[in-house]
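The chain below stands alone and is given in structure tokens; this is the form predicted alone.
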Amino acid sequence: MSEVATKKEGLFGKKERKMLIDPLNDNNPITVQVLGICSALAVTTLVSKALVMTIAVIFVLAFANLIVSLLRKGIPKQIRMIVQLVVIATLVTVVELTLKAVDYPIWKELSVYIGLIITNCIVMGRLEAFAMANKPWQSFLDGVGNGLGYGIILILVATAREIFGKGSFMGFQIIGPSADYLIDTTTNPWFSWYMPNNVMVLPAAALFVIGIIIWIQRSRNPKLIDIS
């Protein structure tokens, strides 16, 4: 029993749990490290798009970290970034082809941004800073954690922009007048007075929302306040 407990603690010990939890708040890739902002502006008009992008980044980041960590001792330093790019590009291609086969309309909207995961600073940054110096399991968890931290911010921003910019959530109308409201005023009585704000659909709105999230996060977490 003690050997089994030791193995479990080794797989999900305090250090491993920290790798998964820290990127969600204290070391978030977007709000703390300020990486991956471009995709946060581009794919957060709808929650469904943000979810797909989140899954794609988690997959690419986790398995890129794992593969590079497995190969790290055999990669010459002079070509390490080329090898990393090849690994990332291969995984991104797998994601893109899978998405194209599973959900063609979403692929059509996100194909450009899925391809840009190859140059995402978060992915390259974790490979250089972590995967090249750590064991495969820890590297995999680091990739999952940072992907989740990135995805949480994307989904929060997309939720705010879709609700206030389109009056919907995941494509379902929840506030503002429905399509039949002008014919029958009883079809959507909740917040029917609200007219969707088109400014929220613009990329600049994502910056405002991210700024508000950063402000709330740092005001609630003293460790993130820059005292310099």
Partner chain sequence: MYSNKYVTIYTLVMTVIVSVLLALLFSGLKPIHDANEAVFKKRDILKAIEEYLPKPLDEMSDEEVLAMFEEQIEQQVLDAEGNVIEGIKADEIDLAKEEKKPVDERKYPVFIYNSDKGKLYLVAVRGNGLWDKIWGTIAFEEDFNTIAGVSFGHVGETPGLGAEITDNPAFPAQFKGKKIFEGDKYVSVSVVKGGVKDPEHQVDAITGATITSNGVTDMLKEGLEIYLPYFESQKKS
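The shown structure was predicted, so the numbers you read here are calculated from the model rather than taken from an experiment. Positions refer to the first chain, counted from 1.
Another form, the form predicted in complex with its partner chain, is not on view; read the next lines as being about it.
At a distance of at most 4.5 angstroms from its partner chain in the predicted bound form, all three residues 83, 86 and 108 contribute at least one non-hydrogen atom. Although the partner is absent from this view, residue 129 stays clear of its partner chain in the predicted bound form, with no non-hydrogen atom inside 4.5 angstroms.
Looking at residue 93, you'd find a heavy atom of it within 4.5 angstroms of its partner chain in the predicted bound form. The closest heavy atom approach of residue 133 to its partner chain in the predicted bound form falls outside 4.5 Å.
When contacts are judged by a 4.5 Å heavy atom cut-off, residue 71 counts as touching its partner chain in the predicted bound form. Note on contacts: among 116, 155, 121, 75, the single residue with a heavy atom within 4.5 Å of its partner chain in the predicted bound form is 75. The partner is absent here; in the predicted bound form, the one residue of 38, 201, 34, 55 having a heavy atom within 4.5 Å of its partner chain is 201.
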